[in-house]
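Listed next as C-alpha cells is one chain, alone, in the form predicted on its own.
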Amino acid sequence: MSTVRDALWSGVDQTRERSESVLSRLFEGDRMLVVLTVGPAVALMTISAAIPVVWALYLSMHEAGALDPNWTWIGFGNYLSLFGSSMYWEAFRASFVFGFGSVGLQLVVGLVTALLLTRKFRGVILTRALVFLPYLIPTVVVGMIFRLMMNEQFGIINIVATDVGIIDEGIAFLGEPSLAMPSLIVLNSWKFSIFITMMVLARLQSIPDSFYEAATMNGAGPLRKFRDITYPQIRGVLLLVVLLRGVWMFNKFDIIWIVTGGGPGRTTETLPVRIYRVAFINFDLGMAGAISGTLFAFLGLAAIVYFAGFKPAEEVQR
C-alpha cells in the first residue's frame, strides 16, 4: 500500500511541476500576459464594434435595397448623392442644434444640481433620490407622457398656463416648428442631465473640506472658492462628460422618434432619425449606410480634435 501511495504522490508532484513549468514559460515574457489578459477584450471589441462599422462602410458603397438581396457596387455614388441633398444638410443642422443644445443645457443643470446636493441639509438623501428619478424612468414612458403633457388642447402644461393667465390659448409645443426643437432639448435635458450630476457629485465629494476651510480663513467668498478650488477639481470630469454626452446626443434616436417622429415637417429630423427613415421606410440601405458613415466620420474627427485639444485624461489624473 505504501508503495502505491508513494507512486500516486510522486505522479501528482510531477504533474504539478510540469504545470508550473508550463505556466512559468507562458508568463515569462509580458507578451503572453498581455495576450491572455487584454486579448479577450480586444477580440470582443473587434467583433461587437469594428466589424459592424466596416460592414456599414462596405454597405454604403453599394446600391442596396432592403427587399433586394443583390447589391450593386457604385463606389462613392451614395456619398456624392448625399452631399447634394438638402434633406441631408437639414438633418445635419438639426443634429448639430440638438446635440450642442442638449449638452449645454445638461451641463448647466447637472452642474448646478450637483453643487446644490453637496450642501448639508435635512432630507438631502431623499432629495438626491428624487433628483435621480428621471434617469430611472424608461425613455419610452418619458416620451409618451411628455407628448400628452405638451398637447395643445388637453395637455396639463397648457391647461395650467391658461388657468393662471400666462397664456390666452394653448400652445402647440411639438407642432410648432419654432418650438419643437427647444421643447425636445428641454425634455431630453430633464431626463439625462442627472448623468452629469452623478459624475460631478462624486468628484465634489472627494475634495477635502480643509481646502474650503483654508479658503474661508483667507476671506474667500463662494465665487472665489468655486473659481480657485471647485472648478479646477471638477474640470477633468466636466471635459469627460461633455465628450460622452456629445457623442450620445448626436447618436440619440429613441426619444426624438417617440416624441416628434422628426416633425413637424423635418424640423427635428436629426441624422439618426434620417438614417432610420431612409433604411426602414424608404428601404434604401446603401444610402442609410452612407449617412451612417458621414456621422461616424464626423464624431471620430470631433473626438480626435477634442482629445488633442483638451487632453481630458491628464485632467482626470490630476
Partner chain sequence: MTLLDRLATRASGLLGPDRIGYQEKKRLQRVSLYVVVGVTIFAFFFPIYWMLVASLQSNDLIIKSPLYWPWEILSAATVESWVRVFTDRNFSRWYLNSLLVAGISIVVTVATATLAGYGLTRVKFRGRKMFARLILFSYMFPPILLAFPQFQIWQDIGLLNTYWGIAIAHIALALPFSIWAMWKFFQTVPIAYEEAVWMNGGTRFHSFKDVALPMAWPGMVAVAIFTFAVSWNDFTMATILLPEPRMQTLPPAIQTFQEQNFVFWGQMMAASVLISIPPFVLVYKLQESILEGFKTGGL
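Numbering follows the first chain given and starts at 1. None of the values given here were measured: they were computed from a predicted structure. Only the largest set of C-alpha atoms that superpose within 1.5 Å between the two forms is called the rigid core.
Missing here is the form predicted in complex with its partner chain; even so, the following discussion is about that form.
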query: Contact label in the predicted complex: Phe146 to its partner chain, heavy atom within 4.5 Å; finding: yes
query: Residue contact check: Val12 to its partner chain in the predicted complex, 4.5 Å heavy atom; finding: no
query: Partner contact for Leu136 in the predicted complex: its partner chain, 4.5 angstroms, heavy atom; finding: yes
query: Its partner chain contact in the predicted complex: Phe154, any heavy atom under 4.5 Å; finding: yes
query: Per-stretch contact check against its partner chain in the predicted complex, the hit in 242-250, 207-215, 175-183, 96-104 (non-hydrogen atom, 4.5 angstroms); finding: 242-250
query: Candidate site Leu23, Leu285 and Ala288: all three near its partner chain in the predicted complex by heavy atom within 4.5 Å; finding: yes
query: Those residues of 98-129 which, in the predicted complex, come within 4.5 Å of its partner chain by heavy atom; finding: Val109, Thr113, Leu116, Arg119, Lys120, Phe121, Arg122, Thr127, Ala129
query: Displaced residue check between the shown form and the other one: Ala41, CA, 2 Å or over, core reference; finding: yes
query: CA of Gly263, rigid core aligned, shift of 2 Å or more between the shown form and the other one; finding: no
